[in-house]
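Below, in structure tokens: the form predicted on its own, a single chain.
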Amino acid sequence: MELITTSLLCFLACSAFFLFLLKPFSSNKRANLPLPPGSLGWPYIGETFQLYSQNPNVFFASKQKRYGSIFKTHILGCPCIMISSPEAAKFVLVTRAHLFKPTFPASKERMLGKQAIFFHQGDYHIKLRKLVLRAFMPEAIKNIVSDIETIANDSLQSWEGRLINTFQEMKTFTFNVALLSIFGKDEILYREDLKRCYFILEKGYNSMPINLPGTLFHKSMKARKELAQILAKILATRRQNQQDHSDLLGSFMGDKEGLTDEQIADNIIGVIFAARDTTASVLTWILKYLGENPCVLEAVTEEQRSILRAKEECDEENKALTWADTKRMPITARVIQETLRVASILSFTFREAVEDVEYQGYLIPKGWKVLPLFRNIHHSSDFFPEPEKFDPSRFMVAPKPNTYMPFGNGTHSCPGNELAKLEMLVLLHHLTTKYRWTVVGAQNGIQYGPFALPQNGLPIRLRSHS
């Protein structure tokens, strides 16, 4: 039975690949242009394993050295064209953004939901972006600083004295903040069920989209269905109670917006996806870089303690952080900026050509994925001297346009970037002023798939200063 299944999958994969090769391009004059140089790799799976199983710098650098700043490949079942210059990134994300719609591989697209903000352009996207920004703009999130602080303190206290996997614990922290921003105080009622389903769902994000029993993709799609059912219960309860809410779900449910339950569910799941692993990865790298750079750690700690001293000198009874406090953390903010650059959690973003496009004499066929390589740009010595060196002071001067894009660029840049930076600042304030940590085990290894992370998620022991 297993042999038959394997043979069937191989046959389907090869059939899909050859159908793709035989599919004609558009009949217009651009069809006569050559494709960018490169390799499509193995049938169907392409070069997916080469990209996700090693340092992405190695994959990108070898391709760029051989083919130049634009080349073709095939990953996660999709024919792709990768671009690695600021000019090309601006072309795709800003100046000709209407020719490239946001997209993801089929596995992610089906798990997040086709109505999610990531996959749309035009009026629907503008409407969704407005609703997300309403809940995530500074005027809105400044009201939840104290709630984020509570989550941060609870997290740190639970880590004290234990050997922890930093990345896994940061994922829990960022997940709880994401739920707070989406559901407000209601989140605690559904946290465990949402967490259980989402943790199953996320395991299949980078799987091949083969929906057969026993596959990772199939298990994830079952969890996705259950997640949508939980969200339907939350929506029904809110409608029954008829209360106004200022969180993201409240923004989506506004009477004037007219979003369907399916659209709301797709976008809620999409926001959790966007808000969780990326921020957790950045925080994990921050701890590693601070541990490796004692002078930087000392500067951050002193900056955070100065905020506490200012409160004491003003005889403030409430020592809780405020939005204004987070704006008095320039050194810490530069640490976050430099971590986003060096670690480059998002090595690239996915776009899809909505028509045949010509760029630098090459054809970008309609339907092909186009991937601006943020990591390549962030690690270019042309823009960042000694790019592998962790040096937050480089951000005392603003980087050149289109050379620093940790949250993307253009109309589809991440609308939740202010929330991400806020939760990082709050956690680092309490971490550096109250605790010290030591890394346990090997400190130089890196693991991949899909994000680059310190080896084993950076195991640490956390102890209180007192």
Ligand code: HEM
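In this text, residue numbers run from 1 along the sequence as written. None of these values were measured; they are calculated from a predicted model.
As for the form predicted in complex with the ligand, it is not shown, yet the points below apply to it.
Using a 4.5 Å cut-off to the ligand in the model of the complex, not one of 284, 331 and 339 places a heavy atom inside that distance. Only one of the listed residues (108, 351, 72, 288) places a non-hydrogen atom within 4.5 angstroms of the ligand in the model of the complex, and that residue is 351. Of the residues 218, 125, 311, 394, just one reaches the ligand in the model of the complex with a heavy atom at 4.5 Å or closer; this is 125. With the partner omitted here, the stretch from 162-170, 220-228, 340-348, 183-191 that lies within 4.5 Å of the ligand by heavy atoms in the model of the complex is 340-348. Using a 4.5 angstroms threshold between heavy atoms, residue 411 counts as touching the ligand in the model of the complex. Residue 416 belongs to the set of residues with a heavy atom inside 4.5 Å of the ligand in the model of the complex. Not displayed here, the ligand is kept clear of residue 307 by more than 4.5 Å at the level of heavy atoms in the model of the complex.
The ligand in the model of the complex comes within 4.5 Å of no heavy atom belonging to residue 425. Contacts between 187-203 and the ligand, taken as any heavy atom within 4.5 Å in the model of the complex, involve no residue at all.
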